[in-house]
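As a starting point, one isolated chain is supplied in structure tokens, in the form predicted alone.
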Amino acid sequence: MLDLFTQSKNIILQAGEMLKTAFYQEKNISTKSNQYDLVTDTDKAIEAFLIENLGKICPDSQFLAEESDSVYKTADKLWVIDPIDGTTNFVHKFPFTCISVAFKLNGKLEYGFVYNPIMGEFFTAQRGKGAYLNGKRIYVSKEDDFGKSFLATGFAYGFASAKIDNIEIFRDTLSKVHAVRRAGSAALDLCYVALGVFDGFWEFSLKAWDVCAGIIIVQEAGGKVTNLNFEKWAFSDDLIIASNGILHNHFLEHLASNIKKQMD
């Protein structure tokens, strides 16, 4: 019998076909918290498919899922699911969109899966066994000069009323690094840190389903993920910072300085 990791991967591959088929079709779209926070029938269908099938292969597990079961919980076996990370991209046929699934065992991230079927990129990781893209081992970058770094960020749906203005941080950061990109999927941004494309990533107000899979993928690729206090990122943290590890201290100092300016 296939192990749980392989069974999970096969289920996510099937879900990817659902996303890929729907990507090229007209969408039935509604909104959630505000006009920018979109959800489609495909989000709901993929989530239901994942919960049903992952539940079958691990019947004593629980779920933390964006669309149907978003109440934070602790469980010995917990699946953390974002059926489509980058829903706005999906709606507008911008191909930076993915399925993100993490599995936590006894409170620790055990597996991470981030699958973008449109671009044919399937990122996976198992705790202690490395991170992979389409079966090939991947590693974070070796960049050690913050001034030469290539970074990513994102803007929360409530950015206009946020107490910290990330657009101001974005503007300041642009003047200090090679470039900053905002592509619209935190899960994929984290995977691109793991792949060594981005040297770092930061974003405010993300949820567990946005980042859990990407966190273990970055860690298993040799990178670092923390909050602003250099502590392990937790569900309650407002800011997540990921990097190749080499630049992490400088990156944290830069973000902390910007935040302090706004708070003073």
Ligand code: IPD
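Keep in mind that this is a model prediction, so the values were computed, not measured. Numbers follow the displayed sequence, beginning with 1.
The same protein also exists as the form predicted together with ligand IPD; that form is not shown, yet it is the one meant from here on.
Annotation: in the predicted complex, residues 15, 47 and 79 none come within 4.5 Å of ligand IPD through any heavy atom. The stretch in contact with ligand IPD in the predicted complex, judged by heavy atoms within 4.5 Å, is 86-94, chosen from 86-94, 134-142, 173-181, 190-198. Screening 206, 54, 65, 225 for any heavy atom within 4.5 Å of ligand IPD in the predicted complex leaves a single hit, 206.
For residue 156, a non-hydrogen atom is located within 4.5 Å of ligand IPD in the predicted complex, even though that partner is not displayed.
In the predicted complex, ligand IPD lies within 4.5 Å of some heavy atom of residue 186.
Proximity of residue 210 to ligand IPD in the predicted complex falls within the 4.5 Å heavy atom cutoff.
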